[in-house]
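Take a look at this single chain, the form predicted alone, given in structure tokens.
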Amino acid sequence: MSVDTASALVILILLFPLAGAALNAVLGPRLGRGFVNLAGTLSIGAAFVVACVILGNVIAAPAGHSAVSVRLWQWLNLGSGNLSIGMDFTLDPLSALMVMVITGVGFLIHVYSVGYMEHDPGVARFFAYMNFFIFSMLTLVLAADLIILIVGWALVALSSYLLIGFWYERASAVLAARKAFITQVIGDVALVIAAFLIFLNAHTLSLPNIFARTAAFPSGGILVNGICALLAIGAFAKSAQFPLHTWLPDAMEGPTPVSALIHAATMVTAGVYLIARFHPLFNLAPIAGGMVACVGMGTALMAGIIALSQIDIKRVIAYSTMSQIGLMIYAVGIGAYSAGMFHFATHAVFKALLFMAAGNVIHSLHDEQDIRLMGGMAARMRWTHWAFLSGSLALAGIPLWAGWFSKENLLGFGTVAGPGPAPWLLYMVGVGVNVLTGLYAFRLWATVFHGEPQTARVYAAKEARNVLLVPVVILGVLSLIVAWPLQWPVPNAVRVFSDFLSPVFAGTPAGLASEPALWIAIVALVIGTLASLLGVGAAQRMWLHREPDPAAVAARLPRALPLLSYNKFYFDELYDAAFVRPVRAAARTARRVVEPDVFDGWIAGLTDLLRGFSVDLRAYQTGFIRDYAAAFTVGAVVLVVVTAVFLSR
């Protein structure tokens, strides 16, 4: 691929969603809903076509030439060339994968939004935000300069704030948007500090040049581990990983298409992409990599436990997202970058499906989200039911569905990555996550679609219209077949996906990039698959057949465990007590004591001083010419004497 071709493709794929956002924002309110729907969806459809062309060019590129970096223009050049910032973008297998998922899944979500937002008066603003979000994500994943990456990173946070708080008349939506933005700013600060340290040592902001100068970062040293730890904090905030995870469930206050776009296919996976993109540095930082792997697997376990007790249909899927992102973070932490990105690709498909199918249910029940008030939806929404079942099977990792290929491929690396017992321990935790995933996925499916209808709304529910149903059915089919030609979870089988990404991760140490032995892979595959089947089977017995009854099972558990799960391990309460309440108490004290006694007193004292000075000065304003002439004479004499003294020296 030539530089001119790459430049044209980058300009087009960024221009289409940006133009869609501008048209919807400026002309949408005047030209009406039909124009908004066309401009909003066609702009992303056009971007998807460009993404397909990018993918074709990357695949067709000769070996060793699959990555092309282009500079659209020079932005800043400071300090005699020491600080050069350009609008630099990279087209390589990793960015091609990202733009395909962002625009492909994003296009289906935009089509779905046409039906979901049909009666919303703010539809022009909604599509403007959605298009701008796609533009922000594309800027982030295509960036070949640290500053441009940070700009894209910040624009994604801004876009998510606008989308989560779209229904700003709801106090809960405003609070959720604020919470998401503030949490992500913590990660943004860490990312900026990491960028500063990288520039101080590599003396460049260009990502290809940084990765070519890894000698500036001694392997295993404090510097590279510190930089990677800061990058990881940025990734944790964006991808809702412990301890910066509490914003994700609250973000379900946005419309369902927002949940599908931001929290399934794009934004929350930006952290996974960041670590994968900076893999040359993480390969030199085993301590930071181990920390990333432990945080990822710990978050996957914690979110799986919480998902088991949630009653809001979208929050169950949100915690599922957090858990699956944790598995991806674990994979890139142990150096299985291709496996982590493979799970990213399949997860984007079946998780967007689950959110949109849940949106169909919510829509048909007139915005009801409590799963305890559902039941029996399968007989009323057959197509949505089968699509949701396909997504649930993929999420649970049942054989032949996409999630089985990617999740078992991901977990298999846990048995061979690195020395010592830690990888095996993390792998066994991952097996436990498989059981939990099957449990909460099919608890949700059984509770919503089976059993007796719980309210009159269920009896009146109808299947969604085609504009809402077609994207869901397409993703339901893809959730079954998308992984078949790409990657199988055993060595020496189909490995198109990892071969495609291999030029990007060519510098990965052999111990982390190697495939496990065949017998180890088969044993790991069998164990992981049996764990998934165990979770699904147990969920069906409890929530479908009531043998045993879930309430009876919960009663036998230690009382603290259901409470911890239902209350989300009390993280919100803990953060409120540790950060929010002390700040509010300090503010109240300042308002009650410091402000009236110090600031108001200081201002009042200054006012009195100036008032007294003005009274004294006013005494000299007599209005008589003789007084003014006398004062002028005295002043002139003093001036002459002072001047004479200085001149005599």
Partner chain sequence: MNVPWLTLVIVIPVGMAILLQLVPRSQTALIKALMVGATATVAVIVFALLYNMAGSPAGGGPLSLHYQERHDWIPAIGASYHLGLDGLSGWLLALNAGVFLLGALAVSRRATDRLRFYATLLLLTEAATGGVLLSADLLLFYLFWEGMLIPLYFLLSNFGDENRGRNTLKFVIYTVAGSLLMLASIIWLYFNAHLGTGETSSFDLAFLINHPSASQAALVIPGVKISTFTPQQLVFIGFALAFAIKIPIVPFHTWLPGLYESSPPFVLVFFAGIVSKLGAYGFIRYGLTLFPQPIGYFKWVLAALAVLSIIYGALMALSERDIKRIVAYASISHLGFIALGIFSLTQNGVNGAIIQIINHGIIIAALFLIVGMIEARTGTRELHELSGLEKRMPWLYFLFLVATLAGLGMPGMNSFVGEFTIMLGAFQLNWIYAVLAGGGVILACWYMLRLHQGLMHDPIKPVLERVRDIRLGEALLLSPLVALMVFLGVYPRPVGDLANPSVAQYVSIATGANPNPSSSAPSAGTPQAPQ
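The shown structure was predicted, so the numbers you read here are calculated from the model rather than taken from an experiment. Positions refer to the first chain, counted from 1.
The next section is about a form of this same protein that is not shown, the form predicted together with its partner chain.
Participant: Scan 615, 609, 60, 590 and let me know which has any heavy atom within 4.5 Å of its partner chain in the model of the complex.
Facilitator: The option sitting close enough to the partner is 590.
Participant: Ok, 383, 543, 571, 181: which has a heavy atom sitting within 4.5 Å of its partner chain in the model of the complex?
Facilitator: None of the other options qualify; the answer is 181.
Participant: Considering non-hydrogen atoms and a 4.5 Å limit, does its partner chain approach residue 287 in the model of the complex?
Facilitator: The answer is no: residue 287 has no heavy atom within 4.5 Å of its partner chain.
Participant: I'd like to know whether residue 246 contacts its partner chain in the model of the complex, with contact meaning heavy atoms within 4.5 angstroms.
Facilitator: So residue 246 does not count as contacting its partner chain.
Participant: How about residue 538 - does it come within 4.5 Å of its partner chain in the model of the complex, if we only consider non-hydrogen atoms?
Facilitator: Contact with its partner chain, no.
Participant: Would residue 161 sit within 4.5 Å of its partner chain in the model of the complex, counting heavy atoms only?
Facilitator: Taking the distances in the model of the complex, the answer for residue 161 is yes, it comes within 4.5 Å of its partner chain.
Participant: Go through 594-602, 33-41, 616-624, 47-55 and give me the stretch that gets within 4.5 Å of its partner chain in the model of the complex, heavy atoms only.
Facilitator: Stretch with heavy atoms near the partner: 594-602.
Participant: May I ask whether 88, 129 and 174 all come within 4.5 angstroms of its partner chain in the model of the complex, judged by heavy atoms?
Facilitator: Looking in the model of the complex, the three residues 88, 129 and 174 all sit within 4.5 Å of its partner chain (heavy atoms).
Participant: Would you give me the residues of 186-215 that have any heavy atom within 4.5 Å of its partner chain in the model of the complex, in order from first to last?
Facilitator: Going through 186-215 in order - heavy atoms within 4.5 Å of its partner chain in the model of the complex - the hits are 186, 189, 192, 193, 195, 196, 197, 199, 200, 203, 204, 205, 206, 208, 209, 212, 213.
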